[in-house]
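The chain below stands alone and is given in structure tokens; this is the form predicted alone.
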Amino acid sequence: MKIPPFKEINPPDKFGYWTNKKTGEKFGGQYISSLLVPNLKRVEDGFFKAMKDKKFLKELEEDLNTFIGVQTPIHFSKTLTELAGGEKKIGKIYLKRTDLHTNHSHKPISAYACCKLAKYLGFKKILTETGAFQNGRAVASACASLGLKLDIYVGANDAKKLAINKDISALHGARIIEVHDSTKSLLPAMAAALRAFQSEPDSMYVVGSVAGPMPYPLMVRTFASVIGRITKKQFKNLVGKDPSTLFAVCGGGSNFSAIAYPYYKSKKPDLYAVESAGDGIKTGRHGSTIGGGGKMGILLGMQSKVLLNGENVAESFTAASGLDFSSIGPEVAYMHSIGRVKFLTTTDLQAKKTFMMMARKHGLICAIEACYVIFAAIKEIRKRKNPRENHLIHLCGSGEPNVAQMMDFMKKQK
């Protein structure tokens, strides 16, 4: 199947903001050192040039099809359908299987596209950050394929959690730099990568999410939307119409926007983003920016909703490294502010139990991140009680890197 072409349906203004016209809230922008402006300008101008270059786009599409394997199936899940109440009560539940991509997550699409852009613009080296190491692994694979050098910045705590992805990144030739600042997680890793970008103008920063200063939220969303464009066409071919609901997990927002973007201006499906409630929202130990009452703030070069403790950025907490982020991408936050996206939360315990259920009853080892959305989706679908509906869940990654973590959990449950 030919990948449907990209169409810009929700552009920011010329300053990189998405603005809620009712409240006046602005999401996005560039809040950076003046030393970074030339670097970002080069990336932004290059991105818009590449998006008009038919040769670049043709080569990128071929690589996404043959190297990444973007044409992954949509799978009818009889198991989840029956668990939610059965077809006669809730309709049907489908899974979009982006866990079947090269490197086993949604991350390789934007990672490869951004690295391809870097080579197109003449950069020789990539700088990136990672939490669950899915982005780091994806960028490492892309750099090895394209002949680019790579430095990966990772929080020291995250580096301990997912050793297999870290080791695979190293096998691809990446230099891994552990960050011991602050929370030793994704947030300080992103800050360290941005500082390196400022001092290394011959290197291009690749962001793992739809976050950071412009043009990154726009660029990552645009490249990652390949998932949603393919999904929209696949689902119509399979079912004959768009899904009634669409569920995707949301940390920074790359996974959610990747599949949801083509539906932003449509009446259907109802869009649900699922955050990590950690130990529970009321405990304060969570990674839920929207569900946890995040306020407007400035973080990592962007203005968006941020978890705050007074005037300071609050530490996020979750068992899923890919959701361990104290903010959310500006476009996703904007879409929530205008009422297009509803947010749900799942606790770490609920996600871990869902992981075990998927392994034993569905035969799938899902990324722990995907288990947050599966739990929340089933709960919401049961409430809807509509047998005429079709529901789509974004199964965004493989859980092989989570196996050691989940074996410990299984032993403690006995």
Partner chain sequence: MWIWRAKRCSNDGLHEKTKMSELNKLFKERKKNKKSSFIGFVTSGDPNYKSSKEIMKEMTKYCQVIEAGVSFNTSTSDSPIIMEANDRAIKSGMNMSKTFKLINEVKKETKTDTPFVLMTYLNPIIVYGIKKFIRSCQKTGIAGVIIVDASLNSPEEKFIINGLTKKNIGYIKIISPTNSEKFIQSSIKNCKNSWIYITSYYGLTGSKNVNIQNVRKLVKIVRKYSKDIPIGVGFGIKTSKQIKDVSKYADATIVGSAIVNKIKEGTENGKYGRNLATFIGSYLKKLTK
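Given the structure is predicted, the values throughout are model-derived calculations rather than measurements. Numbering follows the first chain given and starts at 1.
Absent from the display: the form predicted in complex with the partner chain. The rest refers to it.
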Just one stretch in 248-256, 86-94, 108-116, 195-203 has heavy atoms within 4.5 Å of the partner chain in the predicted bound form, so which one is it? 195-203
Partner proximity in the predicted bound form: residue 308 to the partner chain, non-hydrogen atom cutoff 4.5 Å: yes
Wondering, does residue 239 line up within 4.5 Å of the partner chain in the predicted bound form on heavy atoms? no
Would you classify residue 298 as touching the partner chain in the predicted bound form, given a 4.5 Å non-hydrogen atom cut-off? yes
Please check if residue 283 has a heavy atom lying within 4.5 Å of any heavy atom of the partner chain in the predicted bound form. no
By the heavy atom within 4.5 Å rule, which residue out of 341, 80, 218, 187 makes contact with the partner chain in the predicted bound form? 187
Check each of 378, 50, 32, 60 and return the one that places a heavy atom within 4.5 angstroms of the partner chain in the predicted bound form. 32
Please state whether all three residues 17, 182 and 191 have a non-hydrogen atom within 4.5 angstroms of the partner chain in the predicted bound form. yes
